[in-house]
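We begin with a single chain expressed as structure tokens, specifically the form predicted on its own.
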């Protein structure tokens, strides 16, 4: 299968190059015949990358250690469920996976637009196949996952297969890691499609509402995947790394956050262009920035230029990515500069007290967040280049900068929907803000008297109450208005109101999920931790919890040995549960990893880690952390996902608008053909 996979790679490269050239020719000369040929090249690119992916998966599932990549990232004892993720466990496989996901996205874009956007599609194919050419080149020449192991003997070079592989990194052998990388990749890769739409609109001068309307949905899908991947990454870090947190401002974590922030800014600013014909240049810039940061994140993860628990080893692909990033920047900014005359604003800002202003402030703050995170992430590279010394900035820098930014964004999340388009009167501001502010003030007062005195924590929870009240108010006011006109009951009104404008109300649900995530963040201020040595019969107190060591046992599974402690836990004198933190030693990988024991409620997590064994007493080192409100981070992430899915459902208003646009496109197409 090595040869089959290699043939798939080279064939995919040929199809990508042909698709790029034929797409450009079809766009330049408006040739339907060349467009059809380019579309077939896309399908060929998809088929060949699929062949390569299937070949590598087959090699991993059959333990074929002739293959260098499989020998490095799998082993005989690796459970079947983790043999599939071998595909993205290492550098070479993950780049092949990136290329395959791109082929799926492009094939979908071609199939969904085979009768639409015919002026844009040739250049969309050319640009996507240009990206595909780059990744196919990298995968075939620089990081080929189908290299075979060999030995130099007296008779020459002979194939070699070790009796067992090196295995997968123990930290990756966790269920959320099976889906976390694919989610992130779907987010990174998917940003290529809106970028291609934007560039195609610039090249064809088709800069009306159509490309914005089409592109918005193509941004939402990868934005949703990227956000889901970020939350799953936090869930993995919390459950596997054993330090009791879920976000450490690690460079690779930051790399995933950057395009998500830029995409968030676009999803808000695009509404101003749709409603008022403003921010046209800015929206193109945001699309370029989002795609650039997606490639930049891939570069950071794979070049080894920075140290991270998530990064791959140092490799020689860094210069290739640097050149590719330079090409993206030069090409896109040149195209934008040449089309500035077609992107003139149609309206001016009428008032600071308007929804446009709210979105504009939102964009500035999100851009500030992007710049702050980017600066902190690349600072080690900059300091190394200037001073010859690698200087890192850790969580204190990011927390100092990002906490105020996050609170400002949270405030605008609630305030923005309360403002009217164009101009909001003082009476309207007074009417819309009064109830949410009163509710937030009551919650803030209760929190203060309950002992919440830390400024940022109190402000975060105060603003969460304000935003939650404003969201509930929007649903309530809309439902009441609908009840008067339709005589529906309240719940039917809420449902029909939501389905009539899924984008707006799906957005509110996303905002509510963000509120819950901030509630979870605020809980970190009340974190408590302690540590002790424990043998059978020993006790350890952690606030209201009392832990008693019942036994210490050892054992072995297929791919690891373990030592586990049985801890009976009581709270306020009442028996609560028995917890089993473990220390595992993975045989093939020769690495140790702690397996965290958790008792979770909506109020707090009891987080117990067996950190090791004391060499003097042979007792277990038990680390206990009480983490309040963490579960709300995961619940908020799920609600953000559900809200995004709802916003992707076409509403009745959008279906009517789509029919209208379809008629216009058919007329334009008939005119184009004639």
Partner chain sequence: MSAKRLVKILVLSFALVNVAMAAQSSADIEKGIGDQVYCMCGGCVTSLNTCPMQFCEVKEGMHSIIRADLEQGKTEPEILQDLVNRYGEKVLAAPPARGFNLAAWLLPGVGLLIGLFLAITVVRRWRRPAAEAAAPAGAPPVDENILSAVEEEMKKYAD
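Residue numbers count along the first chain shown, from 1. Worth saying up front: this structure is predicted, and the values here are computed from it rather than measured.
What comes next is about the form predicted in complex with the partner chain, which is not displayed.
From the candidate stretches 273-281, 250-258, 160-168, 232-240, select the single one in contact with the partner chain in the predicted bound form, where contact means a heavy atom within 4.5 Å. Checking each option against the 4.5 Å cut-off leaves 273-281.
Heavy atom to heavy atom, is residue 462 within 4.5 Å of the partner chain in the predicted bound form? Yes, contact at 4.5 Å.
Answer yes if any heavy atom of residue 361 is within 4.5 Å of a heavy atom of the partner chain in the predicted bound form; otherwise answer no. Because a heavy atom of residue 361 falls inside 4.5 Å of the partner chain in the predicted bound form, the answer is yes.
Does any heavy atom of residue 424 come within 4.5 Å of a heavy atom of the partner chain in the predicted bound form? Residue-level check for residue 424: yes, a contact with the partner chain.
Check whether residue 638 has any heavy atom within 4.5 Å of a heavy atom of the partner chain in the predicted bound form, and answer yes or no. Flag for residue 638 set to no.
494, 149, 372, 483 - the one with a heavy atom within 4.5 Å of the partner chain in the predicted bound form: That would be 372.
Within 4.5 Å of the partner chain in the predicted bound form, heavy atoms considered, which of 108, 267, 343, 368? The option sitting close enough to the partner is 368.
Scan 478-503 and write down, in order along the chain, each residue with a heavy atom lying within 4.5 Å of the partner chain in the predicted bound form. 481, 500, 501 sit within 4.5 Å of the partner.
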